[in-house]
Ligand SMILES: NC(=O)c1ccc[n+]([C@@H]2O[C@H](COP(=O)([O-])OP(=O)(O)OC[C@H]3O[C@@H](n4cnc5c(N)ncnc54)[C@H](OP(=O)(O)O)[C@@H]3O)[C@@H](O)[C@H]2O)c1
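Take a look at this single chain, the form predicted on its own, given in structure tokens.
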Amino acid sequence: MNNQIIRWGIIGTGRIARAFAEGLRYTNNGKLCATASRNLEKARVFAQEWNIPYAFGTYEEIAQSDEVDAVYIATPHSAHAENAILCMRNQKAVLCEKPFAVNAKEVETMIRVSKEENVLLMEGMWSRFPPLMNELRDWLKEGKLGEIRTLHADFGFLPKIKDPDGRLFNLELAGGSLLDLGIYPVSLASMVLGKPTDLQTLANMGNTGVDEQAAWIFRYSNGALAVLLSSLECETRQEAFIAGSIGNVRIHKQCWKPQKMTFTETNSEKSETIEMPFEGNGFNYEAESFASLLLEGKKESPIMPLDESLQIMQQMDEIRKEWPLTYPMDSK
């Protein structure tokens, strides 16, 4: 491994893979060296598009390649655990696109393998890493808002085409609004308020058997509440609002792509707005953070810890159980 630069490989050649490839262009400690697809021609086309030296027609090849230090998993959620484990068993550090996997059982296995192989593993929750979120965490740590009492967050959009075989609506691919979109509000609530003590939830189930719109309320040990929503039926405000005993923060649209927030002091006209536009497309922040950890010999991220990723997946398992919604992977 080069002392300064991490050699990246990407498994998958879809939209998310392209976004990550674009993000890597804005990092100082990583370069894209390899890509892999089950279809070699797709891998070659992707490699030519992004000027990547190595293209593989199997995931095993990229996992075993001596030209790769770390792998970004950009396949559908249903394949995350399998792909990540393959790479870790071959001593590759793994950054796995959110959601980490389909259920807590898969995440537990991924974490166990990372410890057995002594390799770095992190969930690619890219919304945690932009500069604005560092500022928000500082505000929370210093008590700028006081005691947090409520959090509202949503993420909904209306797909142009409702493809029953696409990843958003296909039960076999662990589709639905919760895993694809709801992960953002759930992760934000976890970062701000921690682990909830109980929850209530409702969902609209579509013809393909997955949730097309859902809402849930988390309650915490101090009585705080988080009211969260995900939707594939309409475009929502895509904002977050965090209210405490001293003041509140509004993370402006799009809260999952955080670049602007406004703090307002309670019972006062005092407010301040902070804007921190992305340098790059946002994926560069998680990629650079991950590469720094790998270069330092770390096995876990303090911004997106493995235990927290597991807790988040356990929460989503509990939400699905209430509807109920079962994926084929749940019985494995």
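The shown structure was predicted, so the numbers you read here are calculated from the model rather than taken from an experiment. Throughout, we count residues from 1 along the sequence that is shown.
What comes next is about the form predicted together with this ligand, which is not displayed.
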{"item": "Contact test, all of Lys141, Gly244 and Met261, partner this ligand in the predicted complex, heavy atom 4.5 Å", "value": "no"}
{"item": "Any non-hydrogen atom of Tyr184 within 4.5 angstroms of this ligand in the predicted complex", "value": "yes"}
{"item": "is_contact(Gly12, this ligand) in the predicted complex, heavy atom dist at most 4.5 Å", "value": "yes"}
{"item": "Distance check, Met316 to this ligand in the predicted complex, heavy atom within 4.5 Å", "value": "no"}
{"item": "4.5 angstroms heavy atom contact with this ligand in the predicted complex for Pro130", "value": "no"}
{"item": "Stretch in contact in the predicted complex with this ligand, which is absent here, among 74 to 82, 191 to 199, 111 to 119, 207 to 215 (heavy atoms within 4.5 Å)", "value": "74 to 82"}
{"item": "Arg250, His152, Lys92, Lys98 - the one with a heavy atom within 4.5 Å of this ligand in the predicted complex", "value": "Lys98"}
{"item": "Stretch 270 to 293 - residues with a heavy atom within 4.5 Å of this ligand in the predicted complex", "value": "Phe283"}
